[in-house]
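Before any questions on binding or motion, here is one chain by itself as structure tokens, the form predicted alone.
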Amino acid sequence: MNDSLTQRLNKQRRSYQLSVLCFFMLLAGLIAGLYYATLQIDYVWRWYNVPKYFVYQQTIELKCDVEGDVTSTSLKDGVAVVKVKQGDDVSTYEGEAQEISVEPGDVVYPDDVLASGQYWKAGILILGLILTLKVSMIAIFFGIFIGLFGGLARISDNPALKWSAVTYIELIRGSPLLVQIFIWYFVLGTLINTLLTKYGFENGVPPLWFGVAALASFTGAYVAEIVRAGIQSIHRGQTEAARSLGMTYAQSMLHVILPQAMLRIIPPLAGQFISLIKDSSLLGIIAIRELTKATREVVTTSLQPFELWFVCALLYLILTFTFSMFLQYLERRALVQ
């Protein structure tokens, strides 16, 4: 009996090891095929240029625009102050710097460097990644808020709430996100900013918030259906038992139904939010420099499409994978409790 069990376990172990070997062989074959394909085209890979789009060292110079004599200099807390006298006039130059290049008594001319410094700055890809993350998180927050109330309204007995929720969900899910972004920015955005300008708000609403609104409303419609399905998956007897204990409908929904439903809707919510992060790439069409638009701008100036689009895809993968792992962690915590 023990020999038979041992043989079966050994067979399963060998089968598992063979499957792992097959996976890595397929992965190696895919990489080798991609590498071979790149060798067949006339393209020079320049991976060494990619890091500067993540972080770079910028030289900041404080320059003089008059001819005169330096009367005094000071450098405190990273701020340089240089005073230059021209006849009876004294010009003061102040700016961020690490060292001063002149001394009192020196004669300076226009375009002479008075002080300078080198600072590390975030590159365009990092700035685009941060903006993508910011837009996605805000849209997810409002999407959950809209979806939760939309889902509750969807199963409500009140015709006004139910029909309003159905109309909203069908309109949003029945039209492309790209079209909705155009409507939010060019139609609603123009109307809102025109009204704000009319009443004295000259700056209006930045394009970023119309992009967030488009993503949030789009996600909210899908979250509403996920919430509705999660609530309806809970047996009706749960509601009846809660009501028999004297709970109101709102209390039974808050304390009994929603906690159970939330556990069931975490996996589909994870998929929806991951799609939202990728859908944020469409905001580049309304001049929002998220990750995809930032990559497109760099490709235009550097003529390095292969390296940069691979890097862009990798950054999206890191974002979505991290978010997926976080939601799986929340799901496991909820199961333990």
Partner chain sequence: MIDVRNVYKTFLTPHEVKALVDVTSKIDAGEVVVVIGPSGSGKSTFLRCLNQLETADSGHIFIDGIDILDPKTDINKVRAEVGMVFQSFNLFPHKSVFENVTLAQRVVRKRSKAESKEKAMRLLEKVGIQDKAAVYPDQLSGGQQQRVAIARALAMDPKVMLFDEPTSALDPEMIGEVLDVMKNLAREGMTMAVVTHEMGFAREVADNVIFMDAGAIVEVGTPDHFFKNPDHDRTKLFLSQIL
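Positions refer to the first chain, counted from 1. Owing to the predicted nature of the structure, the values given are computational and were not obtained by experimental measurement.
Just so it is clear, the following notes concern the form predicted together with its partner chain, a form of the same protein that is not shown.
*Asks:* If you check 187, 79, 195, 241 against its partner chain in the predicted complex, which one has a heavy atom within 4.5 Å?
*Replies:* Comparing distances to its partner chain in the predicted complex, the residue within 4.5 Å is 241.
*Asks:* Looking at 167, 251, 86, 175 here, can you tell me which has any non-hydrogen atom within 4.5 angstroms of its partner chain in the predicted complex?
*Replies:* After the contact test, the surviving option is 251.
*Asks:* With the partner left out here, check for me: in the predicted complex, does some heavy atom of residue 245 sit within 4.5 Å of its partner chain?
*Replies:* Residue 245: contacts its partner chain in the predicted complex.
*Asks:* With the partner left out of view, is residue 127 within 4.5 angstroms of its partner chain in the predicted complex by any non-hydrogen atom?
*Replies:* No, residue 127 stays farther than 4.5 Å from its partner chain in the predicted complex.
*Asks:* Quick one: is residue 208 in contact with its partner chain in the predicted complex, heavy atoms, 4.5 Å cut-off?
*Replies:* So residue 208 does not count as contacting its partner chain.
*Asks:* Verify the contact flag for residue 260: yes if a non-hydrogen atom of it lies within 4.5 Å of a non-hydrogen atom of its partner chain in the predicted complex, no if not.
*Replies:* Looking in the predicted complex, residue contacts with its partner chain include residue 260, since a heavy atom lies within 4.5 Å.
*Asks:* Counting any heavy atom within 4.5 Å as contact, can you tell me which stretch out of 88-96, 114-122, 199-207, 251-259 lines its partner chain in the predicted complex?
*Replies:* Checking each option against the 4.5 Å cut-off leaves 251-259.
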